[in-house]
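One chain comes next, on its own, written out as structure tokens in the form predicted alone.
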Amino acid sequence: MKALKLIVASALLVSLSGVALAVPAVNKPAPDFTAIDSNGKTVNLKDFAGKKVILEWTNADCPFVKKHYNSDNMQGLQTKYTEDDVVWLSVISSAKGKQGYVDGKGANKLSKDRGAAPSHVLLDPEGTIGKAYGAKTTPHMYIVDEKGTLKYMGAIDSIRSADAADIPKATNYVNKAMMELAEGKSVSEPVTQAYGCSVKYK
């Protein structure tokens, strides 16, 4: 009887682990979500059908995030793509009381102070969106095409460091994927290993 209970318990654990570790897949529908942005507006991924969407997981206190913001690299990407009618969603999944957590007012001040230019800053203190996307680091980047299909997920670039001096030497995977999509090509590196600080989930 004990052996049977152990087998059942093990099977259940494996099953639950599979659910917990489920991550989205490229060339499949991106996980839909409804969130509140830093201005208190309800935002749904489906609202942006017909447009490309870039999701960026961020934590202002993370040195890897600071690398891309203190150098204006992230803001440059935000401006470049939002001016091209791409929707840029910065997502903050830090739980209340943990590194990087801010409320709406704090998020707006942060955007102003660092010259950020996303379409929306999404507040995700429960980690619902982050876990649906399997976001593990800040930054962690995703690209969704006009049909709602996930086309890229992973690192912002190819050099896994917190040194801004490495940015010009790196391959920017977001730029590369967006250029390929604009040319009607498949993304040549649709999945890369994200690097940075761990997302500070609840």
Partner chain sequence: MRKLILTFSAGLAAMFSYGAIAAATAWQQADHIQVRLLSNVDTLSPDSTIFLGLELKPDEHWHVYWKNPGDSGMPIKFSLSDTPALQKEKLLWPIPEKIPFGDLTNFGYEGQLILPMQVKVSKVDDTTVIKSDASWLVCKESCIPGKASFEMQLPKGQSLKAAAEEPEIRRFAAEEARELPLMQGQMHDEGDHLSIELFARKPVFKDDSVIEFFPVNESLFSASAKAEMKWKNNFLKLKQKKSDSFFSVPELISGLLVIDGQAWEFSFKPSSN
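Numbering follows the first chain given and starts at 1. Note that the structure is a prediction, hence the values are computed from the model and not measured.
The form predicted together with its partner chain is left out here; the points below concern that form.
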*Spell it out for me: taking its partner chain in the predicted complex, does every residue among Q75, N108 and V174 have a heavy atom no farther than 4.5 Å from it?*
no
*Quick one: is K136 in contact with its partner chain in the predicted complex, heavy atoms, 4.5 Å cut-off?*
yes
*asked:* How about V191 - does it come within 4.5 Å of its partner chain in the predicted complex, if we only consider non-hydrogen atoms?
replied: yes
*Consider F48 of the chain shown here, and say whether it contacts its partner chain in the predicted complex, taking contact as heavy atoms within 4.5 Å.*
no
*Can T149 be called a contact residue for its partner chain in the predicted complex at 4.5 Å between heavy atoms?*
no
_Please tell me which of L55, V65, M153, I156 lies within 4.5 Å of its partner chain in the predicted complex, judged by heavy atoms._
M153
_Candidate from T34, N39, S161, N70 lying within 4.5 Å of its partner chain in the predicted complex - any heavy atom_ = S161
